[in-house]
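Below you'll find only one chain, the form predicted alone, shown as structure tokens.
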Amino acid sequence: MRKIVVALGGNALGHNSQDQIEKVKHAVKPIVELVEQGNEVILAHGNGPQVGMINLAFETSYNVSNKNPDMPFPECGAMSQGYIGYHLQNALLTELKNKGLKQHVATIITQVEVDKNDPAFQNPTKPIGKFYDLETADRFTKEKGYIMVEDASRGYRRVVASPKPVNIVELEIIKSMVKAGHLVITVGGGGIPVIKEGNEFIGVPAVIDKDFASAKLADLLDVDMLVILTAVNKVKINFNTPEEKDLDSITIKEIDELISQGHFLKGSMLPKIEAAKMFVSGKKHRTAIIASLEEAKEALLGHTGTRITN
């Protein structure tokens, strides 16, 4: 039996609650197929569209009347973990029962510790929320302390830091549930970013990349494999050019060379590649796979996807 962390992209989950209910019914099928193969699966997921929707709802309400409560960004992340987890565990439990499998499923609202001295806090780059005019952006800066930047001449957006994960607060709970044979959904959206101050964990307005959080989870659980499911079936170099080429397998050394040559885009494939590298380089026996959701089962069998090894 292999122990696997599966990272599912937030864009596979839909942009509103009804859309998400339908999409997760399809998204969980390949994941349950991995369980059916005899693998022990821990599921992580993105939350970009979902946390943006929640944040925008509270922001819009506040703009109508400042008597309506505003919602801090860490709390928006917690809400997204809860409602995505509810849909995922509901669909997973149904599919497991349909296959005659007896696992129980639960979502853990997960805090992920970050370093308060992470350089990302000095240079926030992750845009969240909608576009605003300069007057509104200035008001948000004065009233809320937001950092607002102009984005491609389309208006002003709030930006927050994207620090690296250093620890998972609920790790021991996750370990005990995995050991008991349950299918656990955790570090949703990269986790709720918190900074440790004494015995207290304090939420901070930031976004942890879900692939880095998944890699950290996989490392701390010392699993055999990290599977990052995305929109493409293989990692490509020379993307969108006549020289485009699929990569069936790649080593850590080759990854460093390709990154230095600028083959992977910052906003899409690069964090996945870097997260895979971070996990695999931890111990010799580890493997990471980047593949499409639909072909997850085939990727584990070695028939598709890109395999990252030492």
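Just count from 1 along the sequence shown to find any residue number. This structure is a prediction, so every number in the text was calculated from the model and none was measured.
One more form of this protein exists, namely the form predicted together with another copy of the chain; it is left out here, but the text below deals with it.
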Taking 4.5 angstroms as the cut-off for heavy atoms, does F264 touch another copy of the chain in the model of the complex? no
Taking the shortest heavy atom distance, is N238 within 4.5 Å of another copy of the chain in the model of the complex? no
Does any heavy atom of Y83 come within 4.5 Å of a heavy atom of another copy of the chain in the model of the complex? yes
With heavy atoms only and a cut-off of 4.5 Å, decide whether A78 touches another copy of the chain in the model of the complex. yes
Do all of G10, E36 and N39 end up near another copy of the chain in the model of the complex, with near meaning a heavy atom within 4.5 Å? no
Of these, A120, M177, V159, L221, which has a heavy atom no more than 4.5 Å from another copy of the chain in the model of the complex? M177
Exactly one stretch in 230-238, 139-147, 208-216, 69-77 has heavy atoms within 4.5 Å of another copy of the chain in the model of the complex; which is it? 69-77
Do any residues of 193-227 have a non-hydrogen atom within 4.5 angstroms of another copy of the chain in the model of the complex? If so, which ones, in sequence order? V194, K196, N199, E200, F201, G203
